[in-house]
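What follows is one chain in structure tokens, specifically the form predicted alone.
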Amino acid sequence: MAAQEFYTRMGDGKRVTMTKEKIMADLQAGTADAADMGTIPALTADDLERLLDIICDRNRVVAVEPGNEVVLTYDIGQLDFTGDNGNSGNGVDMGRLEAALIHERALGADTFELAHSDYSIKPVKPVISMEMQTMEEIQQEIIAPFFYGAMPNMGLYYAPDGPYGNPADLMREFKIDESMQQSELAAEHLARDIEYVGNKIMAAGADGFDFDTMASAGDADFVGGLKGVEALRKANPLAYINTGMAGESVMGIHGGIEFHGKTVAGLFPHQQVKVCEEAGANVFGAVCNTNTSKSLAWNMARAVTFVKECVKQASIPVHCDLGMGVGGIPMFETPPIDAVTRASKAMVEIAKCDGV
């Protein structure tokens, strides 16, 4: 008699069938990979059995048990309506006010945010007065906490888009010292822009600031973002500040840059959260990247392992980043709902994150 098989996914979203034994083997391999890479505990046998039950659930959509509900937050603001599906959007033409109110009143969002179409600090700076006006107008209508969101995106500060030399180009020319210097200068510039944009938007009535995809341009990007958070916190003691990461490990493009004496290259979620706490963040967005060639089981086990240890080490709430290509969810423009709900349930009930 053939072994019973269950519908599941690969990391690219492809639908496949696997036996319960194969799913368990991938769960074990995924948690072992995370434990080895992050030098953290692997999931327990009970955790793995619970993950197995979640993945093998015959229902297409699963949910947390009553009482386990968590805060739901959203990044990129209205862009998930107005953007094209390459950005996980729906291509629906509407204004930012309408998008905010639909998220609050129709979709049940616990928080929402205002966002520029480029969703980065640098392009917001020259149009900050218009963003301030929009923030003030929407705050008159919305009830849920309404933030401003942007990526530090320090890549925009490098040539050809910005005033500083591109570290990658300089390293190819063996100009290592110059590459490191340009990274440091760009980080300082980014921190100043975060302080300027952040204080302006807070003055317009924002409830807080969501720093999305921190360290996307490597360790100097992370330090620039942290210094910006620190300055924003100093000027706005009561502001909600969320620091969401770009990846599970900070890329060491500079290699030696520090924040408060701590080298940030190579930090994993349970270490990233500590420097974000020190900078002044009061919520941390943990990230684990999806491997498209591995199964949903492998990716979920790996992601839950990282986030469980992050929650254990954190002194602030951890809102796990769950979406296209992160948190165990497949790397696909519009992630399949069966995978999304399974990863979400696992993060809440096994990793014990505070929000999604």
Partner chain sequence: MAGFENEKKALQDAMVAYKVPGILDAVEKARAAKMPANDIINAMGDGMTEVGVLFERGRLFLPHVLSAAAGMTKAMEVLGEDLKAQGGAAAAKKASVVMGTVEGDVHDIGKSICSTMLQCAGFDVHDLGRDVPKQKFIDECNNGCSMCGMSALMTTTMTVQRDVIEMMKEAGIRDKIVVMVGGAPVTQSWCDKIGADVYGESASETVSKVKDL
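Positions refer to the first chain, counted from 1. Just so it is clear, the model here is predicted, and its values are computed rather than measured.
The same protein also exists as the form predicted together with its partner chain; that form is not shown, yet it is the one meant from here on.
Exactly one of the stretches 34-42, 308-316, 66-74, 53-61 approaches its partner chain in the model of the complex with heavy atoms within 4.5 Å, and it is 34-42.
Its partner chain is not drawn, but in the model of the complex it has no heavy atom within 4.5 Å of residue 109. By the criterion of a heavy atom within 4.5 Å, residue 48 is excluded from the residues contacting its partner chain in the model of the complex. Contact check for residue 333: a heavy atom falls within 4.5 Å of its partner chain in the model of the complex. Shown alone here, residue 103 lies farther than 4.5 Å from its partner chain in the model of the complex, counting heavy atoms only. Although the partner is absent from the chain shown here, 172, 253 and 290 each have a heavy atom within 4.5 Å of its partner chain in the model of the complex.
Just one of 231, 204, 142, 180 comes within 4.5 Å of its partner chain in the model of the complex, counting any heavy atom, and that one is 180. Checking 132, 97, 265, 239 against its partner chain in the model of the complex, a heavy atom within 4.5 Å turns up for just one residue: 265.
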